[in-house]
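In the block that follows, a single chain appears as C-alpha cells, in the form predicted on its own.
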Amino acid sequence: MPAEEEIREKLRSYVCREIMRREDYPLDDDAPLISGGLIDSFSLVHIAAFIEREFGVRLPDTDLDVAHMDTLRAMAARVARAMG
C-alpha cells in the first residue's frame, strides 16, 4: 500500500498534467483546487476514474465534493482510508 505522500505525488502529477494542462505548475498539497478555481467539479469525475485505475479503489459519489476533494492532501487521505 502506498504512503499518503506517494499518493499525493501521483495525484499532483495527474492533476497538473491532465486536468490543468500545466505540468510545471507548482501545486501545493494544501492549495484549494475547486474552491480556488484551479479545477471545476466536472474534473472530479476524471480524478475519481484515475484513482480507481491507479489505486484500485472506488470513491463513493458522495465523496466527490469540495469537502473531501478540495486539496491534494484531502484527496490522498481519502484514498488512503479507502485502501485500508
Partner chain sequence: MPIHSLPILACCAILLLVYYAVPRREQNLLLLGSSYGFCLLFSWPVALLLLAMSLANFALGIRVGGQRGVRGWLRLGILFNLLTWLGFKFAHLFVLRPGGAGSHLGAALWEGGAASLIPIGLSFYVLQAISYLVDVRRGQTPPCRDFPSFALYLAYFPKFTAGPIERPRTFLAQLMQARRPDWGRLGRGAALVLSGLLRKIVIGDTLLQAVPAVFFHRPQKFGGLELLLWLTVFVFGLYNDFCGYTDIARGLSALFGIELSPNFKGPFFAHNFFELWNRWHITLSHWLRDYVYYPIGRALARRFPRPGHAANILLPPMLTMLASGLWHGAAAGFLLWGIVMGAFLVGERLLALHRPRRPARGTPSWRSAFKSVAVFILWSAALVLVLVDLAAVPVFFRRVFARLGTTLPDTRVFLLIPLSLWLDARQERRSGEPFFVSGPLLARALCLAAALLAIFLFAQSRPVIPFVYQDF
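All of these numbers come straight from a predicted model, not from anything done at the bench. Positions refer to the first chain, counted from 1.
The discussion below concerns the form predicted in complex with its partner chain, not included here.
Using a 4.5 Å cutoff between non-hydrogen atoms, residue 62 counts as a contact of its partner chain in the predicted complex. Under a 4.5 angstroms non-hydrogen atom cutoff, its partner chain in the predicted complex lacks residue 28 among its neighbouring residues. Residue contact with its partner chain in the predicted complex: residue 37 places a heavy atom within 4.5 Å of it. Using a 4.5 angstroms limit between non-hydrogen atoms, residue 19 touches its partner chain in the predicted complex. Within 4.5 angstroms of its partner chain in the predicted complex, the stretch 45-59 places a non-hydrogen atom from each of 45, 46, 48, 49, 52, 53, 58, 59, taken in sequence order.
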